[in-house]
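For reference, the chain that follows is the form predicted alone, supplied as structure tokens.
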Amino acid sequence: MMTASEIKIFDDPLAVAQGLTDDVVAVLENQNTIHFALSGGSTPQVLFKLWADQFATKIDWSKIHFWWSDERCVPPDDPESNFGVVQQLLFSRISIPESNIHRMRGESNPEAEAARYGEQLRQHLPIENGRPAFDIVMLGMGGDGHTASIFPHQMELLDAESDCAVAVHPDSGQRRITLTGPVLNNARLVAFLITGEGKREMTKTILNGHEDSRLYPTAWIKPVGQLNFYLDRAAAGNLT
């Protein structure tokens, strides 16, 4: 059901991070400003460390506006905050204008923040096909097939009228703020970073278009632009 524009397989998570970095640098060479939605998870942490260690002065960070695909409803200094992780691993170690960092306010009322963030998207991003258009959306995939904070029990968020919505984690009940399917699918590039043997079976199900894949939000991310999967060998298994 999903046809990937490109599947890129690397030896390990660090090589995955480098592969995405190469593509980001290529985009930056052709644009003065890009709008980039970040995601949480362990693989992006490898990416943020790479950027801070090796690209702090090689990338013109003033050209990138950072947003988030989702955020947990916790304060920014909470260890679970997606923003907090990026702040610690990357922003605190590079020179970037504060105005280029557009965080979801996890400490605010979730419904009010979802509405505010949606308004911010429409104020700052170009509008294409009636929706805000990101240059790059980085996503991960959970073992249950969720992406951003769109979980299998809330598939309606894939077709939501709003650009941003409130989601609920199926196990913990934790509330989260997430971009909705129509915004994710309006991106010029969606980059899935998937690593680890624990993701292998779900990756196979999604990329092989197995009948059950329709049950998982990741399978419904089919952007108007490019769709790339950046996998390490552990997650890719016998994919070629």
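A residue's number is simply how far along the shown sequence it sits, counting from 1. Just so it is clear, the structure is predicted and the values come from calculations on it, not from any experiment.
Just so you know, the form predicted in complex with ligand 6PG exists too; it's not on screen, but the next bit is about it.
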| query | finding |
| --- | --- |
| Candidate from Ser42, Ser62, Gln31, Ser172 lying within 4.5 Å of ligand 6PG in the model of the complex - any heavy atom | Ser42 |
| Options 156-164, 139-147, 88-96, 120-128; stretch whose heavy atom lies within 4.5 Å of ligand 6PG in the model of the complex | 139-147 |
| is_contact(Lys199, ligand 6PG) in the model of the complex, heavy atom dist at most 4.5 Å | yes |
| Heavy atom of Arg176 within 4.5 Å of ligand 6PG in the model of the complex | yes |
